[in-house]
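The chain that follows stands alone, in the form predicted alone, written as structure tokens.
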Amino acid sequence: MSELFRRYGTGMALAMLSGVAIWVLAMVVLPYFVMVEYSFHPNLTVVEMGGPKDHYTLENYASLFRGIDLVNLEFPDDFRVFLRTLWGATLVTFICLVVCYPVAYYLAKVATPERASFLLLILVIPFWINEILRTFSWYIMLAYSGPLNIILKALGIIDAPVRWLSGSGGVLIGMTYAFLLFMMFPLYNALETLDRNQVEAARDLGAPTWRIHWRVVIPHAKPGIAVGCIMVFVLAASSYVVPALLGSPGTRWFTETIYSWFFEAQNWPRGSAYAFILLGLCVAFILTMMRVFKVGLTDIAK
């Protein structure tokens, strides 16, 4: 803070801080307060608001869990969508970690600086395009008569076209592609600080490659793994565009349910409550990752 005042002067620093504070207050804090207030009220008409029916209630939160039968494993539709979102976001996070870890290690410790810079540029260039356009391109790729089925059929891998967009496959592929870099860069930044001498010492002592990664590389990369998992999970769980374009009615995402309550059912209290339940899920995942990888906020901030 003192560096900001010293560098830009008191007037400019105060103007910058005021602008940021006003933006955060108007665009983040106040909308959240409004949604919190909505979530604890019943869905009423404008005439009924402020009347005897307008009172604080937990009904909107409880509605997600009402009808759960653990004995017969029967769940209401909204809760089933919530579980599908939890499972799908976790799976996308795992796939991104498995795909990005070897690439990040190669870029950080194997490739020359020139080659690493070139490959990073190649990875970043597709993300200069808008997310909606990139998702539409995957819609074309995964279509029943799209390029992917044509190529796989020509190679003899499949006998008949696969309906990628009729299940969860299209959503998982689209999300994995959309959020790869959010796993890649935290891993790359963490692995770049690893001293090569530690790896060489483990190799000289006869440790196999898998053991070097398990005992040396992965422990060093824990902050990067935690940050990458947190970013990918939160983005996947809160994504709307990808499941809306690449999904099907049977693969509905929880964000689509929230959208439906807000704009189709015009039930803002229920939509607000569901949005905060999703926020609670993301916060719980963040705390879990911090505990699993034994990292604090200071480690993540690095």
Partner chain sequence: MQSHRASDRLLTIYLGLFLLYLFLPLVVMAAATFNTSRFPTVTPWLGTTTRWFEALYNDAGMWVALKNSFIIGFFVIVVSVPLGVAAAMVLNGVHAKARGFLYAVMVSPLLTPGVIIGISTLVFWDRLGVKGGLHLAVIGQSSFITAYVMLMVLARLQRFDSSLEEAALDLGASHGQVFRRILAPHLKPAIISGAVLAFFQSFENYNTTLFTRGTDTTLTIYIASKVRTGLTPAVNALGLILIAVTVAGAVAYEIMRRRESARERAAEKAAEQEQMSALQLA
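Basically, rigid core = biggest C-alpha set you can superpose within 1.5 Å across the two forms. All of these numbers come straight from a predicted model, not from anything done at the bench. Numbering follows the first chain given and starts at 1.
Beyond what is shown, the protein has a form predicted in complex with its partner chain; the following relates to that form.
Contact annotation for residue 272: at least one heavy atom lies within 4.5 Å of its partner chain in the model of the complex. Proximity of residue 162 to its partner chain in the model of the complex falls outside the 4.5 Å heavy atom cutoff. Shown alone here, residue 289 lies farther than 4.5 Å from its partner chain in the model of the complex, counting heavy atoms only.
In the model of the complex, residue 176 approaches its partner chain with a heavy atom inside 4.5 Å. For the candidate set 81, 225, 184, 89, a heavy atom within 4.5 Å of its partner chain in the model of the complex is found for exactly one residue, namely 184. Using a 4.5 Å heavy atom cutoff, none of 64, 169 and 188 lies near its partner chain in the model of the complex.
Taking a 4.5 Å heavy atom cutoff to its partner chain in the model of the complex, the contacting residues in 14-47 are 16, 17, 19, 20, 23, 24, 26, 27, 28, 29, 30, 31, 32, 34, 35, 37, 38, 41. For residue 126, the Cα coordinates differ by 2 angstroms or more between this form and the one not shown after the core has been superposed. If you fit the rigid core between this form and the one not shown, you'll see the Cα of residue 49 move by less than 2 angstroms. Taking 2 Å as the criterion, residue 280 does not count as shifted between this form and the one not shown: its C-alpha moves by less than this amount when the rigid core is aligned.
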